[in-house]
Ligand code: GAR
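The chain below stands alone and is given as structure tokens, in the form predicted on its own.
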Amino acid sequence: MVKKKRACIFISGSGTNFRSILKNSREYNFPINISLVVSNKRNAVGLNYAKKFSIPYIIIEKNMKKFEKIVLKEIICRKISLICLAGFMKILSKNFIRNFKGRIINIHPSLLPKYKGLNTFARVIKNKEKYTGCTVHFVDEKLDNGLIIVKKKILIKKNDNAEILKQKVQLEEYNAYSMAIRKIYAVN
């Protein structure tokens, strides 16, 4: 059996990527165990998964400086090895990132380095791209910039709009995130 690393998931919303990682984490050979969920929103729907599966969670609706101070303490206390940003809609400080260099990953709904930031699907359509997708990458001090772990590409069809693209890309994200975690820990 694989000795699982302790992971923390940061969420702000629906938690669908969290749910997908959680499902895979229940497999005996998946390399992580979700030991903590952190949310900056009290009403984040994804917290329901933490409650349902008895995963400890904390909600911190404070400014980022206070948020990071509280989270840092919790992560150290719980011996967290990996932080997964899964729909976490805040930018972490350079100091926080430096403290966990090489141990924070994020998923972004575009084929990085293209379309960093927000409103990716509208920009992809406006620019008449033929493909889009998602990218799992290590977090560094620049927005959506770190070393790429996994990319998943989809074909954009003529009648696709931003909402359809979002749905298609999210389906790819559910596979890509867990694939990236396996790749980090070299588990097939």
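Residue numbers run from 1 along the displayed sequence. Here the structure is a predicted model, which is why all the values come from computation and not from measurement.
There is also a form predicted together with this ligand; it is not shown, and the following applies to it.
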Within a 4.5 Å heavy atom cut-off, is Glu173 in contact with this ligand in the predicted complex?
yes
Proximity of Met89 to this ligand in the predicted complex, heavy atoms at 4.5 Å:
yes
Residues in 89 to 118 close to this ligand in the predicted complex, defined by a heavy atom within 4.5 Å, in order
Met89, Ile107, His108, Pro109
